[in-house]
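Given next, in structure tokens, is a single chain: the form predicted on its own.
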Amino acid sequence: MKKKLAAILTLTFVVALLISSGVVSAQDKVTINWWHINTNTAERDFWDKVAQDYMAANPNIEIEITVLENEAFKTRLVTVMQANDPPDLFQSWGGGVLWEFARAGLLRNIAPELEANNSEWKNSFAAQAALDLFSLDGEYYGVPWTWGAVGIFYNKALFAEAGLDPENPPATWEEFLAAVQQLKDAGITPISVGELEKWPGHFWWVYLAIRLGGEEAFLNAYNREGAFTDEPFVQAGEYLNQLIELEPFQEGHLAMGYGDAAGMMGRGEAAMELMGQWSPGTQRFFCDCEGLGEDLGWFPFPDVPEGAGDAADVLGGGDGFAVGKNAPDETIDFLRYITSVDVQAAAADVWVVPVVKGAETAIADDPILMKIIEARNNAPYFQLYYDQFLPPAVGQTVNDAVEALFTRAASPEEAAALIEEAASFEMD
């Protein structure tokens, strides 16, 4: 008996020695591979701190972060998905691209965790429409962490310089075109756009399709009861041509990336930018300056009174994180931490439009973000960006077709036909 006890004590001592020396760990380390696209210094630093705080509270977790620029992220994600090796946690906008990954069996269903404890986590989200974009056939593959509306950011000082009322921005498409011309006449670049990456330009065409056709036109085309060659989509190109013919964009916009275009806004070199809720922070980052401060304003995309859409309909979206098929259980706990009220409120101080109930109080003193939340919450019809909602090949064709309008390489009818051809192949 004494020999047995001595052996046990010796083994215990050896194990303790190995633990203290780092040869073995008291609890096996779990690694979470996390990809995000927040290259902006303040945003990147924020996520680094979130990961460090979580690891400090969970010593057995190691979070390995990969930060990629938006376009590089999309390219590399496709590569690892094709190799059947998804990251554990990765940036996602939900919608058609995510659903394609889900159908291919590349994602993990987190519905059991999301709906545990009487759906406590699931019910914490303020924007159910945003959460639904991470769901397919009753399963959930991720969650949103910021959600907002695309709208027009504008420089109040430049508006005043051109003789426009900075407190009453244009409300209709006709008024908007008139304001563009007035800015041009004053020697001011009316609009900054980084069309090299295509997705910024697609906002213009999609918003016009929303104003002209409303939800019904899109659902008819999406459900294949109609087509993307239906009148509202052709008209969207015609209305966009009205703007393009005014030559409102900065010189070289077709070869300029989004970051450089945002920097122009931040430096006061253009009067307007059609962009999502992240724009103020991006403007400051790329202009390497303080930005416009109180001179920065925001207004909804102009109404088209003759269209079938509601003036309050919104194009928008945001960012979320999806879970890869091989992700360890700890990934889900970390994702829940990311979308906690405390982390959301802290993120709102940097750049986030919160999507979790209770966190919106953190931006109560930001008039622009409050306008964006109001637009998001009150939209009769909220449409995710076409290049994310539609199947990947169709979304890319939308971007390509709109670029063809910007370069005058296609007519409105031809652009709509290109999109319909892709939809017929992928969606019929």
Partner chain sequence: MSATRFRVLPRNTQPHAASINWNQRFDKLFTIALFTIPGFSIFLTFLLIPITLTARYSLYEWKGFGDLTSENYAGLGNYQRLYEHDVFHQAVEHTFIIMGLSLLIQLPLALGLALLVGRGELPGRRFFRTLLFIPYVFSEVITALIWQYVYHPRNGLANYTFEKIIPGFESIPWLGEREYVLYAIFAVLTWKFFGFHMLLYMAGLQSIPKDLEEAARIDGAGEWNVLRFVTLPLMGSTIRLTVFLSILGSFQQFVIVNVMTNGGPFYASEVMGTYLYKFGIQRFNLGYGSAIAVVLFFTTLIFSILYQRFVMRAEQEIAR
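The model shown is predicted, which means the values in this text are computed figures rather than measured ones. Residue numbers count along the first chain shown, from 1.
The same protein also has a form predicted in complex with its partner chain, omitted here; what follows describes it.
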{"property": "4.5 Å heavy atom contact, N33 and its partner chain in the predicted bound form", "result": "no"}
{"property": "Its partner chain contact at A255 in the predicted bound form, heavy atom, 4.5 Å", "result": "yes"}
{"property": "Residue contact check: E247 to its partner chain in the predicted bound form, 4.5 Å heavy atom", "result": "no"}
{"property": "4.5 Å heavy atom contact, E360 to its partner chain in the predicted bound form", "result": "no"}
{"property": "Interface residue in the predicted bound form among V234, M264, L131, V343, criterion: non-hydrogen atom within 4.5 angstroms of its partner chain", "result": "M264"}
{"property": "Candidate from Q396, T66, T39, N58 lying within 4.5 Å of its partner chain in the predicted bound form - any heavy atom", "result": "Q396"}
{"property": "Non-hydrogen atom within 4.5 Å of its partner chain in the predicted bound form for each of V78, E251 and A409", "result": "yes"}
{"property": "Region of this chain that lies against its partner chain in the predicted bound form, out of 136-144, 284-292, 123-131, 102-110 [heavy atom, 4.5 Å]", "result": "102-110"}
{"property": "Stretch 177-200 - residues with a heavy atom within 4.5 Å of its partner chain in the predicted bound form", "result": "L196, K198"}
